[in-house]
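In the form predicted on its own, a lone chain appears below as structure tokens.
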Amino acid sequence: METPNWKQQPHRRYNPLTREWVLVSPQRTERPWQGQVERRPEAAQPPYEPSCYLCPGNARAGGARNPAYTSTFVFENDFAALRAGTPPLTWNQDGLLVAEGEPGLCRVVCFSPRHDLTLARMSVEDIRRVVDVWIGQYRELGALPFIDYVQIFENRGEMMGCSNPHPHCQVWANRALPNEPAKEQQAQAAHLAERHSCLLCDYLKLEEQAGERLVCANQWFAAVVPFWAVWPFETLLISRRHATALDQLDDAAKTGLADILKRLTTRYDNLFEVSFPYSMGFHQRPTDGEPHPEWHLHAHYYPPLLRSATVRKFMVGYEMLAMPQRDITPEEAAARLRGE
């Protein structure tokens, strides 16, 4: 089987998790213009910001006040996108105008009382406390009878719509399985049925054999620039032991997750010389009471930066109307993240 010239020839790559394609055009990196130039993100932050609604002891919208917390802190989102009391009513007009009520819950998780930290700047011990909170939230919210999926995600940086630099993430709990996890569930279930093996277990073996897209790894997790990556420096964080969700990690693996999160985010910061912007989220087993052996715990990192701290990437034109397209190959992106 002849291998295409990944470095020079246009080609498309298949994503087995979503069953979609991405166009790769490495020759376009020779263009003189490579994206919109922005100001450098995020000036240095103080350890405590009196006007920050996430810092300890400060007031939030609606009159609530944060306790003087000293570690992690979880609270119900003051502007929740989902509400527990929403009736799950269905409206259907000829199968063409269809809507459903979507009950759910939204929470905010503060990683630290320090306003000036990020995961890259936190200790592994402190990140491990965040991992424990994530697991607790997954179990607690997933146990509710009207919740079938728990989405843990972090938006970092103004470029990603995060107006507050205080280290935090969100947890949204849905009644229905959202679109992206639903695609991945179908693909993983089909792979298991056809090959009697796990899709991401099989994929990770190939990546570890190749090595060229591997960014960093420890005994429990590996971070790769996926073969089918859409964003220029997108990464996929995969559990090296088959686990369907965070709640199946043992004590050592929880610390291993904290360690790999610090390693990966530090590599992003080193590459771009700033606290880099991204959207990150865990994909894991739905909480509908089924075992879901097809699921494999993983997290996606989607940073929009193209080649420096001042150039960003948008989905426009062909990408909106046809398919995603990228210029930097996954192999080149992984090499840069490794510092080569």
Ligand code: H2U
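Residues carry their position along the shown sequence, with the first being 1. Here the structure is a predicted model, which is why all the values come from computation and not from measurement.
Not on display, but discussed next: the form predicted together with 5,6-dihydrouridine-5'-monophosphate (H2U).
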### G161: touches 5,6-dihydrouridine-5'-monophosphate (H2U) in the predicted complex, heavy atom cutoff 4.5 angstroms
yes
Discussion item. Within 4.5 Å, heavy atoms only: does F79 come near 5,6-dihydrouridine-5'-monophosphate (H2U) in the predicted complex?
Written reply: yes
message = Is A68 part of the interface with 5,6-dihydrouridine-5'-monophosphate (H2U) in the predicted complex - any heavy atom within 4.5 Å?
response = no
Original post:
Heavy atoms within 4.5 Å of 5,6-dihydrouridine-5'-monophosphate (H2U) in the predicted complex: does A61 have any?
Top reply: yes
Heavy atom within 4.5 Å of 5,6-dihydrouridine-5'-monophosphate (H2U) in the predicted complex, from candidates K254, R267, H168, H115, belongs to H168
The one residue among N155, T244, Q151, Q188 placing a heavy atom within 4.5 Å of 5,6-dihydrouridine-5'-monophosphate (H2U) in the predicted complex is N155
Could you tell me if all three of F73, F111 and V131 have a heavy atom no more than 4.5 Å from 5,6-dihydrouridine-5'-monophosphate (H2U) in the predicted complex?
-> no
Within 4.5 Å of 5,6-dihydrouridine-5'-monophosphate (H2U) in the predicted complex by heavy atoms, the stretch out of 217 to 225, 234 to 242, 168 to 176, 200 to 208 is 168 to 176
